[in-house]
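To begin, one chain is listed below as structure tokens, in the form predicted alone.
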Amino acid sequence: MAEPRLLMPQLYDGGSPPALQGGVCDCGHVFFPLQAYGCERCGGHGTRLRPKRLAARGRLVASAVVHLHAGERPAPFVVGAIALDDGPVVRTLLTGTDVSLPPGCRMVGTLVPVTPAQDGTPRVDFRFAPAMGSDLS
């Protein structure tokens, strides 16, 4: 069987545990996604911006259910804002359709299987799920 292909590999890595591919400026500002336009805090650019692997752990800020969607993704699905332990707030898909998760709930990144590519290659997507057990700290 073919190895699953990660959707959007420029943003996430398939490591264990999976992580986000962000960046850090010489001024200390941490951002996601990795980009070369310049630091939002100090304006630094070029070699002042470096890649930084961001742990996929944080706290839920807010979430919303999308009931109607014109794209390829079947509704309903949940979008959440996660304040990462490493700094930035990211918007991402959550696993499941439960919006009863309270703000402040611990969340962790996970890889989930999604519809295979047209050529039949299995695919996985990066999403956030409520933390369980040892992930709660």
Partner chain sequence: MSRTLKDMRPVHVIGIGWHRYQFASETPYVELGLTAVRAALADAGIPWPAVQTAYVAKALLPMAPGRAMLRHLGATGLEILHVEDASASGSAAFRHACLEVASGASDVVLAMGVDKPARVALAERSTGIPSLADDAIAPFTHFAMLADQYAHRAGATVEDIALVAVKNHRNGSLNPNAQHQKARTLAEIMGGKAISGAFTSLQCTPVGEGAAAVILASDDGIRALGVDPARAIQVVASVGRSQRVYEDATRFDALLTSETAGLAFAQSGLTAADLDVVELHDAFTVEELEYVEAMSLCAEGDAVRQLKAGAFDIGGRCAVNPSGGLIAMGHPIGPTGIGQIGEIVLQLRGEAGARQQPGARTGLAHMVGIGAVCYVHILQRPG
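Each form is matched to the other, and the largest set of C-alpha atoms that superpose within 1.5 Å is called the rigid core. Not measured: the values here are computed from a predicted model. Positions refer to the first chain, counted from 1.
Absent from the display: the form predicted in complex with its partner chain. The rest refers to it.
S.K.: Answer yes or no: in the predicted complex, does its partner chain come within 4.5 Å of a heavy atom in every one of 8, 35 and 73?
M.R.: Yes, because 8, 35 and 73 each have a heavy atom that approaches its partner chain to within 4.5 Å in the predicted complex.
S.K.: Evaluate residue 44 for contact with its partner chain in the predicted complex, applying a 4.5 angstroms cut-off between non-hydrogen atoms, and reply yes or no.
M.R.: Heavy-atom contact with its partner chain at 4.5 Å: absent for residue 44.
S.K.: Test of understanding: in the predicted complex, would residue 53 fall inside 4.5 Å of its partner chain by heavy atoms?
M.R.: So residue 53 does not count as contacting its partner chain.
S.K.: When the contact criterion is heavy atoms within 4.5 Å, does residue 98 count as touching its partner chain in the predicted complex?
M.R.: Residue-level check for residue 98: no, no contact with its partner chain.
S.K.: Although the partner isn't part of this model, could you tell me whether residue 90 comes within 4.5 Å of its partner chain in the predicted complex, counting any heavy atom of the residue?
M.R.: Yes.
S.K.: Heavy atoms within 4.5 Å of its partner chain in the predicted complex is the criterion; list the residues of 37-74 that meet it.
M.R.: Result: 37, 40, 41, 61, 62, 63, 64, 65, 66, 67, 68, 69, 73.
S.K.: Look at residue 51 and decide if its Cα position differs by 2 Å or more between this form and the one not shown after superposing on the rigid core.
M.R.: Moves: no, less than 2 Å.
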